[in-house]
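Only one chain is shown below, in C-alpha cells, and it's the form predicted on its own.
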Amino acid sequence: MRKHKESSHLLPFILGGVVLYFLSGMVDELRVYQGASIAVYVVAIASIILLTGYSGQVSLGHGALMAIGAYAAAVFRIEFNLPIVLCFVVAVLVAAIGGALLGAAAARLSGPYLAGTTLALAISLPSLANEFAVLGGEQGLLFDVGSAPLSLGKEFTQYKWFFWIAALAALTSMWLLQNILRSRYGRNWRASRGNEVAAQLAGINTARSKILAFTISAGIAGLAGALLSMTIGTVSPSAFPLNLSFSLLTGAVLSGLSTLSGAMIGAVVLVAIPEIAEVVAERIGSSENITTNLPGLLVSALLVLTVLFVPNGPVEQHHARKAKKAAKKKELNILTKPSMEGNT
C-alpha cells in the first residue's frame, strides 16, 4: 500500500518532466533560458516554504545560503575538476552544514531576533567573500558546467542544457520535499509551528526539529545557488545581493507559505518582473537609475499587496474556497435530509 502511494506521488513529477522535455523543443532560446531561471527559483522558494511555512522560522538571508552552495560548487569544480553532478552534491552538503550551524543558533532565537540574525549573514557574506583569494574576490569565480553531451545532437544548445539540469533538479527537489513533509518530520514541524509548548509536551524535541529544518532548507538553498550560478556562468558577491533574499521571500509569500506546490507561481512572477519593469521603463521614458531600481520597487509593492489581499497565497486561497464550498454543501445535505425523510 505504501509503495502504491509513493508511486502515485511520483507520477505527477514524471509527467511534469515529460511535458518540460517537449516544451523545451518548442520555444525559442530566450524562453528556454527563462524556463531554467524559473526552475532555479522554484528550488529556492521551496526551501523557504519548508523553513517558514512548515517549521515557522523566518529567514531574511536565504540568498547567503545560496551563495555558500554556489561558492562550494565553483571551488570544487575549479580546484578538483569534479563532475558537475558531484559539484551540485557538494553545494547541498556544504550549505547544509552552514544551515546546521545557523540552525543551532536559530533554536535559541525566534521572531525578529532570528530574522535579524539571518539578515546580518546576508549583509556580511559578500564582505567575507572578498577577503579570500580562493573565492575570487569581487570578480568572483567562473562556474562552467560544460557543454551538453554530443549524444543529444548538435542542435541541442547550451541554454537547453541549463534548462534540463535546472528542471531535473527542481523536479527531484520538489519530490523529495513532498515526501519529507508527509513524513514524521513534517508533522513535527507543523506541530512545533502551531504550538511549541504543546509539541514539547507531546514528546517532540523542538530544538532538534528546528535545526533539522534549517539544515534541509539550507541544503536545498545551496543547490538553488549552484543552479543560479550555472545559468549566469559566475559566482560573485554581486550575484547574491541582499535584495535576492527579499525577492525570494516575496515569491514564497505569493506562492503561499504553507503550499509547496505553489512555488511555481512565485518563480514565474520573479522571472517576469524584470521584463515588466523594462516595458514600464520604456513606456514612461525613465532614466537608467529608475530602470535599475524599478524591479526592486515592483517586488516590494507586490509583497505588500500580497500580504494585504492574498495573505496565504492564491493556491491556498483556492483550496480554502473549495473547502468552504464543500462544507456548505455537506451542511446543506444534512439539513435537507431530515425533511426529505419526513416527506417519505
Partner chain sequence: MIQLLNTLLIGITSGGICALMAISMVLVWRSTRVINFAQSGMALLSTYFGYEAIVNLKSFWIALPVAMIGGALFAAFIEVVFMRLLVKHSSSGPIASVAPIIATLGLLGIIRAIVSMIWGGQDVRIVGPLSNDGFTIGGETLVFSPLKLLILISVIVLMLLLSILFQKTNLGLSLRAAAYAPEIARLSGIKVDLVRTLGWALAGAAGAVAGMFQTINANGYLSPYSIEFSILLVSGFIAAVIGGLESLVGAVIGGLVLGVSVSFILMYVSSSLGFIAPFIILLIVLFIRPQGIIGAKAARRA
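The shown structure was predicted, so the numbers you read here are calculated from the model rather than taken from an experiment. Only the largest set of C-alpha atoms that superpose within 1.5 Å between the two forms is called the rigid core. Positions refer to the first chain, counted from 1.
There is also a form predicted together with the partner chain; it is not shown, and the following applies to it.
In the predicted bound form, does each of V32, T172 and L181 have a heavy atom within 4.5 Å of the partner chain?
Judged in the predicted bound form, none of V32, T172 and L181 sits within 4.5 Å of the partner chain.
Between S261, N243, T157, T234, only one gets a heavy atom within 4.5 angstroms of the partner chain in the predicted bound form; which residue is that?
Of the candidates S261, N243, T157, T234, N243 is the one lying within 4.5 Å of the partner chain in the predicted bound form.
Can you pick the one in C87, V94, I204, A107 that has a heavy atom within 4.5 Å of the partner chain in the predicted bound form?
Of C87, V94, I204, A107, the residue with a heavy atom within 4.5 Å of the partner chain in the predicted bound form is A107.
Taking 4.5 angstroms as the cut-off for heavy atoms, does G146 touch the partner chain in the predicted bound form?
Contact check for G146: no, nothing within 4.5 Å of the partner chain in the predicted bound form.
Flag A277 as yes or no: does it have a non-hydrogen atom within 4.5 angstroms of any non-hydrogen atom of the partner chain in the predicted bound form?
No, A277 sits far enough from the partner chain in the predicted bound form that none of its heavy atoms falls within 4.5 Å.
Examine L119 and determine whether its closest non-hydrogen atom to the partner chain in the predicted bound form is within 4.5 angstroms.
Flag for L119 set to yes.
Taking the partner chain as it sits in the predicted bound form, is A199 near enough to touch it, meaning that at least one heavy atom pair lies within 4.5 angstroms?
No - in the predicted bound form, heavy atoms of A199 and the partner chain never come within 4.5 Å of each other.
Counting only non-hydrogen atoms, which stretch in 124-132, 268-276, 73-81, 213-221 is within 4.5 Å of the partner chain in the predicted bound form?
Selected stretch: 124-132.
Under the 4.5 Å heavy atom criterion, name the residues of 244-283 that approach the partner chain in the predicted bound form, in sequence order.
Heavy-atom contacts to the partner chain in the predicted bound form: F246, L249, V253, L257, S258.
CA of I38, rigid core aligned, shift of 2 Å or more between the shown form and the other one:
After core superposition, the displacement of the I38 C-alpha between the shown form and the other one stays below 2 Å, so no.
State yes or no: after fitting on the rigid core, is the Cα displacement of G56 between the shown form and the other one at least 2 Å?
No, the C-alpha position differs by under 2 Å between the shown form and the other one.
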